[in-house]
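What follows is one chain in structure tokens, specifically the form predicted alone.
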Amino acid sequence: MKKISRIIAWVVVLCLALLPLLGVNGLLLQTLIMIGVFAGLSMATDLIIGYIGELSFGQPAFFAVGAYTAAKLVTTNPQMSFFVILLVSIVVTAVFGVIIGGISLRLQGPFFAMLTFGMSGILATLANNWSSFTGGSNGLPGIPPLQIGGLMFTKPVYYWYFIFVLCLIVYAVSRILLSGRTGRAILSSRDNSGLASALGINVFRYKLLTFVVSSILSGLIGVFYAYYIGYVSPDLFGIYFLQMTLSMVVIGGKGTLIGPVIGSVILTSASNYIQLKPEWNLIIFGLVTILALIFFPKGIVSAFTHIVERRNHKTDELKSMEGYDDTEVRTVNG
């Protein structure tokens, strides 16, 4: 089953990489790029919700910090190398991650959630009122197109390939973090922090490591978004990105990494093609999230996995019964 899943995943990745060569353009290409943005951001958020086991309202704030850092640097010094901007953005989001994670992870449950919400609110207030640095409510406009070396990103297809690679990086970094001894320590800290501490695992250190990695990955996606949109504003700290990201993680399946990607495909496609007003989007997606929590609280991926496992279990039972009957018939017939 795992082998088939990997083959399917690689086929999907290959198809996505080849899509622009098939003439995909316009609204579909724009939708794909935004799916990439939300897929990267929701995978980073899933590290906190699914693998630390805490509800965080702060990850979109790190996305905004990364976007603002890149916007400020490139509008102040347009000649600055993209890689320098990327490095500075990583350092800034990492510092914010250490500070906010270092404070909030000392609490758990609703207290952790409220603290991350409060921290996000403080950053939003700063973005709105520190006009000389952030542009205030007007934000920072005039971000030039992304340029890497001699390649100027003047076509949407370039941005598609860039966010595609970024999403692969986010997935690969998350997989590396969650594998081996470090991954086992993170999962043990989530499942039973008391027992993990008793076994000598530094629970706080592993949770903080996961939080900071999630913050950096969110900031990376924010850097891309700033260049793609060409403008940043305090709206990045707002309810839209927060609700969309949380809904994608819940609907797709927390603690699965691939689940948030599926959630981003569903919700971003619906948002772009139905084209309702943003407030109606939030209401409808909020209702869908509530229904998902009621009927399949572990998300689409877990529900699908459960169905497949039940089918395999029934198949195994039938095979064992058939084997038992054959043995019994042979015994009776001598």
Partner chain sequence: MNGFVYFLQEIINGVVAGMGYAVVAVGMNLILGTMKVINFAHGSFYMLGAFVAAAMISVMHLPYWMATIVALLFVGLVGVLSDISIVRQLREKDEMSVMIATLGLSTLITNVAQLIFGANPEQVGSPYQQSVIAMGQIRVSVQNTLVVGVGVLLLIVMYFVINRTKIGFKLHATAQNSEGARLNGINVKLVYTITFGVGCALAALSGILVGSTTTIFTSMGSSALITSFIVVVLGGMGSITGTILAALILGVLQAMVAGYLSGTYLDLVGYIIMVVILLIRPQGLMGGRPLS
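Model, not experiment: these values are computed from the prediction. Residue numbers count along the first chain shown, from 1.
Not on display, but discussed next: the form predicted in complex with its partner chain.
- In the predicted bound form, its partner chain sits within 4.5 Å of a heavy atom belonging to residue 111.
- Contact between residue 301 and its partner chain in the predicted bound form is not found at the 4.5 Å heavy atom cutoff.
- At a distance threshold of 4.5 angstroms between non-hydrogen atoms, residue 207 is out of contact with its partner chain in the predicted bound form.
- Proximity of residue 83 to its partner chain in the predicted bound form: non-hydrogen atoms within 4.5 Å are absent; the residue sits far from the partner.
- Only one of 181-189, 219-227, 247-255, 195-203 places residue heavy atoms within 4.5 angstroms of its partner chain in the predicted bound form, namely 247-255.
- With the partner omitted from this view, the residue of 213, 166, 146, 115 that lies near its partner chain in the predicted bound form is 115 [heavy atom within 4.5 Å].
- 129 is the sole member of 129, 77, 138, 154 with a non-hydrogen atom lying within 4.5 angstroms of its partner chain in the predicted bound form.
- Contacts with its partner chain in the predicted bound form, taken as any heavy atom within 4.5 Å, map within 119-136 to 119, 121, 122, 125, 126, 129, 130.
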